[in-house]
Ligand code: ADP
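First comes one chain, alone, set out as structure tokens in the form predicted alone.
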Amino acid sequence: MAAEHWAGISDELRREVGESNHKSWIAPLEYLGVNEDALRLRAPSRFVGDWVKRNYHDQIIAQLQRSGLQVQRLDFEFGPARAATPTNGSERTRPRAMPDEGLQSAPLDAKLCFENFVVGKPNELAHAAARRVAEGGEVTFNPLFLYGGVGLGKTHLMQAIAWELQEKRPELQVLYLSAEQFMYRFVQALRDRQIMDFKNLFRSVDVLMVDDVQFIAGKDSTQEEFFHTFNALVDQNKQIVISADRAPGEIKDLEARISSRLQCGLVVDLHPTNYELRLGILQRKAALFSQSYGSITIDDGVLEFLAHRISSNVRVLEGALQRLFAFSSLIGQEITLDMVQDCLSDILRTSERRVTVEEIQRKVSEYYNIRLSDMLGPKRTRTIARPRQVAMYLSKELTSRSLPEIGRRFGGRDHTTILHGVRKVEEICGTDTQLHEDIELLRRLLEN
């Protein structure tokens, strides 16, 4: 196999993995030769080589085998590419490893763009802030700090920003990576005695995006370097976007000075999804899956059932719907509620709400500083009635109890009273920001 042969295979991989991923991970590889059943490649760093092995090994091997080579594995050397001998006989200075590695972002998922992000009340502020950063104009808040639980859209918004900047502002140097990748590159630079190259690389970007920053907590040296990188970029008025699973002040073992700096910009909480947002996500995904699986009929009530029952994690919600489409396509039947119960029995069991009505009543009473007996009793003053309606709403949202069952636990009230309370809260939440925030906080307290 010659280097020209590898160039052809590299072009085939470009079509498979996409232009951005190819540029970041395949193009930097240098063909060295074939030894028995192994293809030898040079990667500019161990980080790149390890990433290629984890993410593209099988695709590269498959391409090699389709070309007639019985290669079974990839072997890597690490370091800068070997410079060709100049024709005039002068020597070319060999580039050092870190600059040769370049501003290689983590691979982006083409599906994680703004067009595929469903906006609702719980995430509308985060979405608006991400859109503002993606314009690539004047830096108005630095950093943008997005936080929230698993599957609420942090990474989706981060990658959407990166895609948008790549398309609209290609002249900007955008670096997107996880906190673990930042730490890995830092440790590698220390080991290879190239820490100045590391500093220059990370401080030359126009936009730095670090996902899941909570992973550097407790890593003293990494935190130190992150702090200095952060400060250097802010001083240059370069944009920083950070995500984490909790607010800066709540990240255990994160240095106080870093926590303080992270709170200097705009800190945005992606709230847990509500029913309307989950239903919107399911409707959008159903339309996308129909393009892949063909026209599949979904019975009335299926999407609504899923939106009610799977409330904790959007990824689980999307995975459940994809499983239904795949199952329906294989057996040639429409998606019915019976199929949902059979096909998703494991997910539905895991997602079964375990919060009790009694826990909700107690927590809401404590939150609003009213007596539990007043909540369950006949008093109708506003200071009692509104918390009672909030507790009714949360009982409907967070438990599998029917309206008549909930009514019995609220002093024997009729199910129509419970329904009125639920609808009243839903109506007020659309205009009352404080009530919306109260409910989302109570929801988190109850679900944790």
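Note that the structure is predicted; figures quoted are calculated from it, not measured. Heads up: residue numbers just count along the shown sequence, starting at 1.
In what follows, reference is made to the form predicted in complex with the ligand, a form of this protein that is not presented.
Check: Which one, Thr155, Gln194, Gln166, Thr336, lies within 4.5 Å of the ligand in the predicted complex by heavy atoms?
Finding: The option sitting close enough to the partner is Thr155.
Check: Of Gly136, Gly151, Pro107, Gly265, which one comes within 4.5 Å of the ligand in the predicted complex, counting heavy atoms only?
Finding: Result of the distance check: Gly151.
Next item on the list: From the candidate stretches 293 to 301, 115 to 123, 215 to 223, 326 to 334, select the single one in contact with the ligand in the predicted complex, where contact means a heavy atom within 4.5 Å.
Entry: Selected range: 115 to 123.
Check: Closest heavy atom of Arg257 to the ligand in the predicted complex, within 4.5 Å or not?
Finding: It does not: once the ligand is placed as it appears in the predicted complex, Arg257 has no heavy atom within 4.5 Å of it.
Check: Would Asp206 sit within 4.5 Å of the ligand in the predicted complex, counting heavy atoms only?
Finding: Taking the distances in the predicted complex, the answer for Asp206 is no, it never comes within 4.5 Å of the ligand.
Note to self: Is it the case that Glu318, even though its partner is missing from this view, gets within 4.5 Å of the ligand in the predicted complex, heavy atoms only?
What the structure shows: Because a heavy atom of Glu318 falls inside 4.5 Å of the ligand in the predicted complex, the answer is yes.
Next item on the list: Flag Ile281 as yes or no: does it have a non-hydrogen atom within 4.5 angstroms of any non-hydrogen atom of the ligand in the predicted complex?
Entry: Judged by the heavy-atom cut-off of 4.5 Å, Ile281 is in contact with the ligand in the predicted complex.
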